[in-house]
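Take a look at this one chain, the form predicted on its own, written out in structure tokens.
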Amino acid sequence: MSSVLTIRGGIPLSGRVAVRGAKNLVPKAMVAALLGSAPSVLRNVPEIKDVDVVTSLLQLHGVKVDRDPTAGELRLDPKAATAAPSAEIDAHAGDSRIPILLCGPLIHAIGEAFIPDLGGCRIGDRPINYHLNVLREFGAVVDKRPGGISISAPRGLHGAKISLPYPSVGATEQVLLSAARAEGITELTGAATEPEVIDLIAVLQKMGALISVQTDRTIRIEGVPELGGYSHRALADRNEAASWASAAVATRGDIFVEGASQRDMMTFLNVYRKLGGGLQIEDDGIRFFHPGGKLSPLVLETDVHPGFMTDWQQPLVVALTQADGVSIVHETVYENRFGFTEALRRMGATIQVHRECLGSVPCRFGQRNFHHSAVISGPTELHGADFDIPDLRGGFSHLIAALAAEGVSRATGVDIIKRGYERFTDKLQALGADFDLEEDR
């Protein structure tokens, strides 16, 4: 059974929505609870599929999880942590890539870990070799087995000097979660420094970890033998906030995003203003709106923090189809993130994708046969179409296009959007969208 969404577009979205804790932080903070010798409390937790997946995985490993969805609060008690059958891990992990981050904490807690073959959004290679190499640096033994990978550390994990060839968020989180209780000092160079990474460091520091963020993307962790619990309020989801911002300008609407943080979205806000979107920044959130008149085309490159985040790119491309002129977007983080544009072209958008680096600096995908640049000409009138949701951000971008389009669109596979957008259909309804949701057998 899967959900099907029928959207009657052409209606400006208007109203107020709230965003809670970041999808890119909350599951990792939940995993961090495994490192503690006492219960932890996490607040501002959204109701999304990734939280469900990690809850199941932690419970499989003996962690007691008490959840209050209404209050957005989790209490996690790791005192009875234990190994879990590999078949059950595989069944509960589904298409999530989160299980790889359980490895370090599980080794510290019970001496071993098993991760199934991993899924995730189809937006690029996203190899786990960074993770496995990091674990080997700490002294872990990695064994490939049918259906997954077994990881152990007969002599425990030990601090190491690690240099990442690319500032991968996931690999940086792997280092943090593994090094916090490893014996000795770990120095990580080439680290990711996204706000969600800094918030995870804050969680670990509350537990008793010794972590300092130095210059030039260097993070230093002094391992400690024991950590306690934490009480933490997760930072708001800047990616969801940016998605609603793009929806507001693409549909010529007006949306106040409660919880949106100027501090964590400054690069996005600058680009949004250059596009011609209206902004009103308040203490409790940000109002995003179409001020009338023409939108301006942009030349844009995605990059790691503090650059323009790759997760902001796809929703904004929909808005760029309504800009007056030619926009160029160069994707430098994930090589296959423009696959979602095929559906936009069927809806009337004029978008060409290219293998060349159409940016100021050639990126690592150049000369590698990846379509990682796009030229968007506008404004174009979008019309309804049928499409299947390809991935989380691309899927929400399709919904934005359908909401902005004249006519009826039918979206299948919308359950993918639940991975990172809390109660998105309730929010669409509150914003005045005209749609029907049904279960397709």
Ligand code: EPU
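Remember, predicted model here, so these are calculated numbers, not experimental data. When you see a residue number, it is the position in the sequence shown, counting from 1.
The same protein has a further form, the form predicted in complex with the ligand, not shown here; the description that follows concerns it.
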Testing 331-339, 352-360, 285-293, 226-234 against the ligand in the model of the complex with a 4.5 Å heavy atom criterion leaves exactly one stretch, namely 331-339
Just to be sure I understand the contacts: of I151, L300, A209, V169, which is the one whose heavy atoms reach within 4.5 angstroms of the ligand in the model of the complex?
V169
Only hit among A343, A81, L157, I98 for heavy atom within 4.5 Å of the ligand in the model of the complex is I98
So in the model of the complex, does any heavy atom of L275 sit within 4.5 Å of the ligand?
no
Does A202 make contact with the ligand in the model of the complex, using a 4.5 Å heavy atom cut-off?
no
May I ask you to state whether Y130 is within 4.5 Å of the ligand in the model of the complex, using heavy atom distances?
yes
Taking the shortest heavy atom distance, is T310 within 4.5 Å of the ligand in the model of the complex?
yes
Scan 375-404 and write down, in order along the chain, each residue with a heavy atom lying within 4.5 Å of the ligand in the model of the complex.
L392, R393
